[in-house]
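Before any questions on how it binds or moves, here is one chain, the form predicted on its own, in structure tokens.
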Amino acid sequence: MPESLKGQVGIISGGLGDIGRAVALEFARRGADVAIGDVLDEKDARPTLRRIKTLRRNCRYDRVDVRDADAVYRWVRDVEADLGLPTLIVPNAAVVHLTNVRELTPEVWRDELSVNLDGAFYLAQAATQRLLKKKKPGRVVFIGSWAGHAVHKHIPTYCVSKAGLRMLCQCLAAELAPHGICVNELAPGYVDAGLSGRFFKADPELKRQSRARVPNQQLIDPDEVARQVAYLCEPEARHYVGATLVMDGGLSLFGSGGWKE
């Protein structure tokens, strides 16, 4: 769908991660201008910004901590002043810590919820408030996870944050749908990049075992995630409201233990 998002502005938190970067580039390929936010230094954003500019799209990078509500609101304001009103909103920033409930510290609990849930809320609220004020339609796509509905004993806070994200998605969707703002969630399974990709790189055997748990025997590429995010942002996706699009190769059919032949 070349230029199907032309005239729109995408805003993506965690935009320098593998999934966030892929979404930014997919938006640009479809004609949207793109605003990327992350906690990394500006020099880390330059390669991605160059790639977006080669697609002849406007773009910008802001160093923003999504745990800071005021910083997120300033970011949305600055993007609107520079690129235009953000209409494609992707709360993507996330962190994860390997632990169990017995050893989980208050600091880790608070950090994950602050980034994964609070940060997603701050961006979605700030950007959709601007859409409502300007009486403009838009799309919000939360990057959730199949861990939001399947217990993972080694990442309990991550599971809780993604389960909360799903209900946040549904509450926002119910409130905003009458205003032409469609809010949905994309919930990937094992992505061979990003947070899970780091674990796979450090432990090739874990990668092999994870692939074996997936019924279709495949891991997900970040570009595949990006295309599904963009699909939910297309004009014809107007009937997706509060939906969770699960792309996990069938993992959810068998719970966190996965498929066994």
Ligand SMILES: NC(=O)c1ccc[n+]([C@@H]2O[C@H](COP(=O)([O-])OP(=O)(O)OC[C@H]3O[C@@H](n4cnc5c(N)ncnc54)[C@H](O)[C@@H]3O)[C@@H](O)[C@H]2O)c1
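Since this is a predicted model, take the numbers as computed values, not measurements. The numbering used is simple: start at 1 and walk along the sequence shown.
From this point on, the text means the form predicted together with this ligand, which you will not see here.
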Completion exercise
Only hit among Val191, Cys159, Cys182, Leu131 for heavy atom within 4.5 Å of this ligand in the predicted bound form is Val191
Fill in the blank from the handout: Only hit among Ala173, Ala124, Val79, Val115 for heavy atom within 4.5 Å of this ligand in the predicted bound form is Val115
Problem - Heavy atom of each of Gly17, Ile143 and Leu195 within 4.5 Å of this ligand in the predicted bound form - result: yes
Practice task
Verify the contact flag for Glu26: yes if a non-hydrogen atom of it lies within 4.5 Å of a non-hydrogen atom of this ligand in the predicted bound form, no if not.
Solution key: no
Practice task
State yes or no: in the predicted bound form, is some non-hydrogen atom of Ala94 no more than 4.5 angstroms from a non-hydrogen atom of this ligand?
Solution key: yes
Exercise for the section: Using the partner position in the predicted bound form, report whether Val64 sits within 4.5 Å of this ligand, counting heavy atoms only. Expected result: yes
Exercise for the section: Although this ligand is absent from this view, report whether Val39 comes within 4.5 Å of it in the predicted bound form, heavy atoms only. Expected result: yes
Fill in the blank from the handout: The stretch from 31-39, 50-58, 226-234, 205-213 that lies within 4.5 Å of this ligand in the predicted bound form, judged by heavy atoms, is 31-39
